[in-house]
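In the form predicted on its own, a lone chain appears below as structure tokens.
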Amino acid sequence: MAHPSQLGFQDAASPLMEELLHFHDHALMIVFLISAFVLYIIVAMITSKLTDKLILDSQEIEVIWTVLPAMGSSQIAILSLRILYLMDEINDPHLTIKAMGHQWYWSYEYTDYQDLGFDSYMVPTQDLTPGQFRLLEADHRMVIPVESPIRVLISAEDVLHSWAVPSLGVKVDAIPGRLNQTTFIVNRPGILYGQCSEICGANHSFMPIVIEAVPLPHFENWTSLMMAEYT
């Protein structure tokens, strides 16, 4: 959950987001070291009264400033490709949920269960209870079990939407007529918030995504109650 004046990312709630945070910190360290070195060279050359007659025509310097950036770029590329393949990897999901974007709400269908689906609308400000967040709370949460591979199939009924949950490291476009998918594992119980991240009309900012991760026995009890309610 983000908080006021936050400068970094939200706390990771999935192994994938943990990998993304590590990659971000690693790449940022490389960029910082390069920037500090270049700044040092600039300041040294500007403030020094001495000049080197070979500094503008040195094969050694040419090799160094070609090889070192190439090595740094290659390392960043290899790490980013590894994470890219991890994001696309789907290994026998325990649960599949279909998320459909509408103007301006989400609908969820648990495809492994018969007749288990619901619409999720934003809770109006005047209906919020203490502890709920304005513009982020939904009347029906997407409930999932913790420590289980979850596959989400994402599409839209009308215009472009985007299903995004920052603490999971997930952002997938919802395109009418096309079915995209993503997988994740939530590694701790809790409530995760997201929002539609593609401008989709006048009420684009009123499409929250709320995921409630619970232990497996609680999830089974929830599914039983929901199926009894909608049948």
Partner chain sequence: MFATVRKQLRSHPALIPLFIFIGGGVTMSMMYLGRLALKNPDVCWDRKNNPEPWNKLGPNDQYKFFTVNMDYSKLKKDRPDF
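Everything numeric in this text was worked out from a predicted model, so none of it was measured. Positions refer to the first chain, counted from 1.
One more form of this protein, predicted together with its partner chain, exists but is not displayed; see below.
- Each of Gln59, Leu86 and Glu89 places at least one heavy atom within 4.5 Å of its partner chain in the model of the complex.
- The chain is drawn here without its partner chain; in the model of the complex, the stretch among 78-86, 152-160, 101-109, 116-124 whose residues come within 4.5 Å of it by any heavy atom is 78-86.
- The listed set Ile34, Leu28, Ala70, Val43 contains one residue whose heavy atoms approach its partner chain in the model of the complex to within 4.5 Å, identified as Ala70.
- With the partner removed from view, the residue among Ile199, Val63, Leu179, Val38 that has a non-hydrogen atom within 4.5 Å of its partner chain in the model of the complex turns out to be Val63.
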